[in-house]
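This document opens with one chain alone, in structure tokens, the form predicted alone.
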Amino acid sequence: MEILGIDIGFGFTKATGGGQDLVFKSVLGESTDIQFREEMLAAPDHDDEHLQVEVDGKSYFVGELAERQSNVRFFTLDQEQFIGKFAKVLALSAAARMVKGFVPINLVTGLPIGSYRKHKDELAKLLVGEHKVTLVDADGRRDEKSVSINKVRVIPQPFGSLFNLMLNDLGEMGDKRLVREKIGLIDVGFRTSDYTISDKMRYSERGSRTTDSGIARAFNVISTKLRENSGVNVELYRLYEAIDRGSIKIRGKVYDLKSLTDQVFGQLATTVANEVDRLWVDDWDIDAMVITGGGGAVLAKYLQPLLNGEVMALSPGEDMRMYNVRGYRKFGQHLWARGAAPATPAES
């Protein structure tokens, strides 16, 4: 049995299991026949960029490949559409790349707090069962797989980060501080920000909420400004690398993004900090806060000075996009490999 953690996010899909990690953009595209498949020159790490799958009789380019090759691309920030049309293909794309042969899978994944109750059963139902998935590599070779998912556990997204901090890779309890104390979790994703409180591992409904203050809000401002200056509508998922670099080249002209990025990220961090203050006004006894999520990695330096209270230091250099998904897998290890599950705060 293979235990996987898969985080199907609006911005990126992340998966981990057995020492292997996989990250790709949550973009689907219509597949097309690529006439020339040979690389111009050998380049490292390009294998992960070619993700072509066939699921339920339909062929898709996924992630970077869709962005680079598909004439028609699909990307959404709508939760209903994401669950109905994207989640299964993205999850199976990840699972098929992660597992070998016909090994059965137990899977832990997550949903934003605001859509957890509504969609958790639907998501589990989509993923449980035996799925025929075909992977097509960069040379056109087909690898037909049977992805057999025995069990799916869906938890509220931010608790992935809590489990990641609390449990070791074997699913054993590590940092007992998180069990004894009241911890506030700030999970900034692409579309949403999730806030929740674990009070001695008890879930706080009062202190939990999902808002639309994800990093996409800042990306939208940057995209709008670029459209005003260049006349080109830059899709949000094509801004990641440009924002990291601090510039983007559009039709031969370089546009500096550093000052604009600092401005809009600072504004978004202020919004998130204000939401924390309003939501946790009665929770003045929080022992520590954790900033997590891919958006959290970007906003942390702007957000941390605005928060009132201790912010737990996370491992420097670690990819914060992976915090939830690594926690999902650790929770799966505790749940299935060790035989006894800790109380899940959202389910207590």
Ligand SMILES: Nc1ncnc2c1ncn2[C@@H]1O[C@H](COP(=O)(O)OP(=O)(O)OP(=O)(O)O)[C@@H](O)[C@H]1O
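Keep in mind that what you see is a predicted model, and the values were worked out from it rather than measured. Quick note: we count residues from 1 along the sequence shown, nothing fancier.
Only in words, not in the display: the form predicted together with the named molecule, which the text now covers.
- prompt: When you measure heavy atoms, are Gly9, Thr192 and Gly293 every one within 4.5 angstroms of the named molecule in the predicted bound form?
  reply: Every residue of the candidate spot has a heavy atom within 4.5 Å of the named molecule in the predicted bound form.
- prompt: Looking at Ile215, Ala94, Leu107, Leu185, which has any heavy atom no more than 4.5 Å from the named molecule in the predicted bound form?
  reply: Of the listed residues, the single hit is Ile215.
message: Under a 4.5 angstroms heavy atom criterion, identify the one residue in Tyr255, Phe74, Tyr116, Tyr240 near the named molecule in the predicted bound form.
response: Residue within 4.5 Å of the partner: Tyr240.
Answer range among 173 to 181, 125 to 133, 85 to 93, 215 to 223 for contact with the named molecule, defined in the predicted bound form as heavy atoms within 4.5 Å: Contact-bearing stretch, as computed: 215 to 223.
- request: Give a yes or no for Lys14: in the predicted bound form, does one of its heavy atoms lie within 4.5 Å of a heavy atom belonging to the named molecule?
  value: Heavy-atom contact with the named molecule at 4.5 Å: present for Lys14.
field: Any non-hydrogen atom of Ser161 within 4.5 angstroms of the named molecule in the predicted bound form
entry: Taking the distances in the predicted bound form, the answer for Ser161 is no, it never comes within 4.5 Å of the named molecule.
message: Is Val298 part of the interface with the named molecule in the predicted bound form - any heavy atom within 4.5 Å?
response: Yes, Val298 lies within 4.5 Å of the named molecule in the predicted bound form.
query: Using a 4.5 Å cut-off on heavy atoms, which residues of 129 to 157 contact the named molecule in the predicted bound form?
result: Heavy-atom contacts within 4.5 Å come from Gln157 alone.
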